[in-house]
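Starting off, we have a lone chain in the form predicted on its own, written out as structure tokens.
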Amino acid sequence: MRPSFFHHLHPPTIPASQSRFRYTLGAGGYSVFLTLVLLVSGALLMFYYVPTPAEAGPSIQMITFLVPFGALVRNLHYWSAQILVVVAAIHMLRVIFTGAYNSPRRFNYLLGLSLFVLALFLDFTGYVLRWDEGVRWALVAGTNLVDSIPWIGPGLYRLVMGASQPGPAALTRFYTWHIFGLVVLLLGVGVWHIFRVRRDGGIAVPPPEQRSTPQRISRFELVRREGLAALIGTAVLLLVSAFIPAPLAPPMSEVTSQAADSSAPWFFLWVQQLLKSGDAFWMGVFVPLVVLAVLGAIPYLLPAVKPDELGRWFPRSGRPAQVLALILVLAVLGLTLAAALAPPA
């Protein structure tokens, strides 16, 4: 069979053992798939969404109830964004728990971590674009965290909000970042990340003489598996989007300094819980940055995984990184659960 353009995006062959779903979990491929769904569905939503404070909320209502298939497209966009955060986190943890961050993959690990952060910011800005009563905490408390940064906070706040106080310019800024600034960064870093995967040797595996089996699969089989995974993912997304609607609340009439009874989006609930424990800057900015820095330092400060232990889950020489990542994950999940179960303020 003559390889097509899509076949040429893949290496001629890859090790069979490390190409199995139980090793990769398909998280990297599904991240790319969900990003493509977000780009297509987001482009369709742009035809009807009006990025002004007076019309943003009503335009979401119109898309949901009046535009043919508008609710389905909006639900696809929303659920793809939520699932992307989960899948990207799983992919990052898979890299840590299999030791696939050794040199020469250390820099690409940082690129992957950057993509995860960009996905969070894209999800956050998209959340704010609803401009309804459900996003008050995200808009007011979230942007106030920027203002709390010593020295540079007020300037960054004006850059984000377009003024010294919340107002119409804020929605324009968030809309621009969401559809242009962050998307360009995500696509640029994403292409760089995929390029480095190929350049750094693809899947992390032991040296040829230390592999349990020399068996490999061809790019044709790999594309076939990816196509099947995309079909399954499409079916699941369509089912979820058809039966579980994206959140919708009454349009926000005025931005105030109070966040009312609304809360953070689920992926920032742990930050909201931290804010109950102390100063906004230390709990809401400094601690998350420390978590990010610790994750980024794993390939550089902790022992490298031995070559003969690569290509499998939980290699013994990677225990320090595994324990550290597990502690951070459990802490974030615990704070998230505590915030979710807390009674309304």
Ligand code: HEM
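Start at 1 with the first residue shown and count on from there. Since the structure is predicted, the reported quantities are computational estimates derived from the model, not experimental observations. The term rigid core refers to the maximal set of C-alpha atoms that superpose within 1.5 Å between the two forms.
Below: the form predicted together with this ligand, not depicted.
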| item | value |
| --- | --- |
| This ligand contact at S41 in the predicted bound form, heavy atom, 4.5 Å | no |
| Contact test in the predicted bound form: T13 vs this ligand, heavy atoms, 4.5 Å | no |
| Touches this ligand in the predicted bound form: A27 (any heavy atom, 4.5 Å) | yes |
| Partner contact for R94 in the predicted bound form: this ligand, 4.5 angstroms, heavy atom | yes |
| Which of 108-116, 208-216, 121-129, 228-236 lines the interface with this ligand in the predicted bound form (heavy atom within 4.5 Å) | 108-116 |
| Triple contact flag Y23, V32 and V197 to this ligand in the predicted bound form, non-hydrogen atom at 4.5 angstroms | yes |
| Answer option from V135, A88, M161, L76, heavy atom within 4.5 Å of this ligand in the predicted bound form | A88 |
| Contact residue in the predicted bound form, chosen from I203, I149, V140, V223 - any heavy atom within 4.5 Å of this ligand | I203 |
| Rigid core fit then V323 CA moved by 2 Å or more between the shown form and the other one | no |
| L9 C-alpha relocation of at least 2 Å between the shown form and the other one, rigid core basis | yes |
